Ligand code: AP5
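Below you will find one chain, with nothing else, as structure tokens; this is the form predicted alone, and questions on how it binds or moves follow later.
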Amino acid sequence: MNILIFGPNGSGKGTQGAIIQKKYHVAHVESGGIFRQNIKGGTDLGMKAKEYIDRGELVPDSITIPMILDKLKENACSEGWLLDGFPRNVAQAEALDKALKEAKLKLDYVIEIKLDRQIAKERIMGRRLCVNDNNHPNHIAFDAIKPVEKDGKLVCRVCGGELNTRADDQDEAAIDKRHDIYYNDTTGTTAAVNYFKALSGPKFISVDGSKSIDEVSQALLSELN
């Protein structure tokens, strides 16, 4: 089962991705992690990517997509994968679709978690990150995933680890900048979503991200088979 998942920052995409990964035993493939793996491993593509990153420039798709394909071909992905964090715009969507087909890697499902932009912003500002695992969901506004209190401070509800916040999660201008890219339906990530939605191959699944975690996961899992 090979899956591509989309959702704006704050939509619960990471939480739902973890649920899918656990149930179907697919590998979680995240674009940022691929960069770190290649740079740390000193691969040719990683070294090329590092040159752009060190200059503060975006890594071109001609480097990013081959890194993603290499990852998807690893033994760890032989039972399936969940690709998260790429593509971010319609040009990348077109390039990824072409590359997957040329590599004979079938895309089975495309998931979109839809969420109102203002709600997404409020969710981002309330989330807390576990220092042990960022995929441990903690949020001060949702009872189901609210951190627990220990010795007068809030700690991770899953493992008891220390919690912190990303600086840009508390910066409304930074949030707006990220969302400007995602919600752009002409060239941005929403345009990429619509590109895959129009394809005849993979099954497209769209769910309402404003629902509870359980409701969203049930809606998703009912469509995956």
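Just count from 1 along the sequence shown to find any residue number. Take the two forms, find the largest set of C-alpha atoms that superpose within 1.5 Å, and that set is the rigid core. For clarity, every value in this text was computed on a predicted model and none was experimentally measured.
Although it is not shown, the form predicted together with this ligand is what the next lines describe.
> With the partner absent here, would S11, V59 and K211 each sit within 4.5 Å of this ligand in the predicted complex, counting heavy atoms only?
Checking in the predicted complex: S11, V59 and K211 are all within 4.5 Å of this ligand.
> Looking at 147-155, 100-108, 87-95, 72-80, which one sits within 4.5 Å of this ligand in the predicted complex if you count heavy atoms only?
This holds for exactly one stretch, 87-95.
> Just to be sure I understand the contacts: of C159, I53, L199, M47, which is the one whose heavy atoms reach within 4.5 angstroms of this ligand in the predicted complex?
That would be I53.
> Is there a heavy atom of S206 no more than 4.5 Å from a heavy atom of this ligand in the predicted complex?
S206: no, not in contact with this ligand in the predicted complex.
> Even though this ligand is not shown here, does T15 get within 4.5 Å of it in the predicted complex, heavy atoms only?
Heavy-atom contact with this ligand at 4.5 Å: present for T15.
> Give a yes/no on whether Y183 approaches this ligand to within 4.5 Å in the predicted complex, heavy atoms considered.
Taking the distances in the predicted complex, the answer for Y183 is no, it never comes within 4.5 Å of this ligand.
> My question is simply whether D176 lines the interface with this ligand in the predicted complex - judged by any non-hydrogen atom within 4.5 Å.
Because no heavy atom of D176 falls inside 4.5 Å of this ligand in the predicted complex, the answer is no.
> What residues, if any, in 151-173 have a non-hydrogen atom within 4.5 angstroms of this ligand in the predicted complex?
Contacts from 151-173: R166, D168.
> Once the core is aligned, does N184 move its Cα by at least 2 Å between the shown form and the other one?
Result for N184: no, shift under 2 Å.
> Knowing the shift is 3 Å or more, I'd like to know if the C-alpha atoms of K50 and D180 are closer or farther apart in the predicted complex than in the shown chain.
K50 and D180 sit closer together in the predicted complex.
> Compared with this form, is the S11-G32 Cα separation smaller or larger in the predicted complex, the difference being 3 Å or more?
Pair moves closer in the predicted complex.
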